[in-house]
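First, one chain by itself in C-alpha cells, the form predicted alone.
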Amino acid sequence: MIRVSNTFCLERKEGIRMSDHMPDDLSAAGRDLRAYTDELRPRHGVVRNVQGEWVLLRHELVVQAALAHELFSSAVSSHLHVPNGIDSAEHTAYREALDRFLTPAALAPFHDEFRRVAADLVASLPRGVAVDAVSQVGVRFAVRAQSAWLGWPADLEDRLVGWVAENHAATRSGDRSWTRQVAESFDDLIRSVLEPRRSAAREDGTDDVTARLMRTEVSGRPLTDAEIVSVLRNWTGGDLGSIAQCIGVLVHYLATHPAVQDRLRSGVPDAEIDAIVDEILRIDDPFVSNRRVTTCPVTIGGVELPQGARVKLNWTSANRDEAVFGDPDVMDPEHNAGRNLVYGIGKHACPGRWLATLEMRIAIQELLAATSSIALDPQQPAERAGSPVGGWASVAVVLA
C-alpha cells in the first residue's frame, strides 16, 4: 500500500527511513541489470542507486506507483517530452491527439510495407556464418520500418543506424554531456526532415504520417515545432533502440529454444505469436525503467520518500517477480498476460504498443519463414547489455 504522509505536501520531509539491511547504494554501472535485480528483489522491494534515485523492484510496488499518478509525477525532465513527461489533463489531451496514429486500424495500411522491409532484410543476410541479431537485424529493421511508417527518405538509414549506436554508447557511458550532445544531434536530424517537408506538402500534397503530425492540433491549437520534434524524437529515437533490443532478445530466445522455433514455424495465428512475443519480453524485458518524481511525502514498500524524490519504476525486475510469476523464466503466455508490464500500466502505458507488436511479429515471421534453423554461434558468445541498457549488446547467430 502507498501511504501519503501527514506532512503537508508543500513541505519537504528530510528524514528517510530505510528498511532493515536495505542497501544504500545500487551500484549497477556496467552490470547485467536483470541478473542484479534478481539478486536484490527477494530481499528488497525498494533500493537506492548511486544517483540518489529510489528504485522500485517488486511488481506490486511498481504497479502501485504507476497507477498513483497524483503522487508519482512523470514531469521529471527539464526538457520537453511529449506526451511522456506531462501529467494530468494536459497529458490526456496530447494522448487523445497522438494515439490515433498508433491504433491497429491506423497501422493496417503499413502491414505489407513492414513485411516487404523484413523480407528484403532477411533475404540479404548471409547463411552459415555469424550474424548479429541486434545490429544487423534489429537496428536495420527498426530503422527501415519506422522510416517507412513515417514516410522518411531511405537515404537517412545510415545516419539513423549510426545514431542508434552512438546513443547506446553515450547512455552506457553515463556521460551526461555526451548524452545531451547525441540528443541534440537527433533533434537536428528531425528538423532536417521537417523543413523541406513544409514546402513539399504545399507543392505536391504529401500526406504521410509525418505530414499529418505536422497538421495535428491539441486542445484546438496546432502543435508547435518544439512539440513536433519532441513527438518524433519519442517515435523514432526512443523506438529505434527499443525495437532493436527487443529483436535481439527474441532472436536469442528462439536460438536457445528450438521447440519454440518449430512451434512458430508451424503456422500459428498472429494473436498467438503476439502473446509469445510479449511473454519472451516479460522474461527478458529490455525496457528497463521509467522515471517518476514524488509530488508529496509518501511511504511505499515500508520506505518513506520525501516530496521531490526521484523514483525509478523497474519494469525488468517487476516482470520477473517470483511472488507474481513463480519461476520467472518459465514461459506461460496465457497465465502471465494479465500481469505483464512490458508496456507499462496506467495512463502512461506505452502508446506505441500496437506498432511495436506489429513490427516485431512481422520481423520474426519473416525470419522464421526464410530459415530452417536459428542457432547461437559457438565461437561468439552472446553479450549482455550493461546498465542502464537492458537485453543483449550482441547476439551472434547462424542462420540456415
Ligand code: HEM
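So that there is no doubt, residue numbering starts at 1 and follows the sequence shown. Every value quoted in this text rests on a predicted model; they were computed, and no experiment measured them.
What comes next is about the form predicted together with the named molecule, which does not appear here.
Among residues of the shown chain, residue 358 is not one whose heavy atoms approach the named molecule to within 4.5 Å in the predicted bound form.
Not displayed here, the named molecule is kept clear of residue 210 by more than 4.5 Å at the level of heavy atoms in the predicted bound form. Heavy atoms of residue 72 never reach within 4.5 Å of the named molecule in the predicted bound form, leaving it off the interface. Although the partner is absent here, residue 91 lies within 4.5 Å of the named molecule in the predicted bound form, judged by heavy atoms. Here the chain stands alone, but in the predicted bound form its contact with the named molecule, taken as any heavy atom within 4.5 Å, falls in 348 to 356 among 327 to 335, 45 to 53, 369 to 377, 348 to 356. Relative to the named molecule in the predicted bound form, residues 84, 292 and 342 are all within 4.5 Å by at least one heavy atom.
Between the named molecule and the residues 311, 243, 145, 133, the one pair within 4.5 Å by heavy atoms in the predicted bound form involves 243. When you look in the predicted bound form, the only residue of 140, 252, 168, 95 with a non-hydrogen atom within 4.5 Å of the named molecule is 95.
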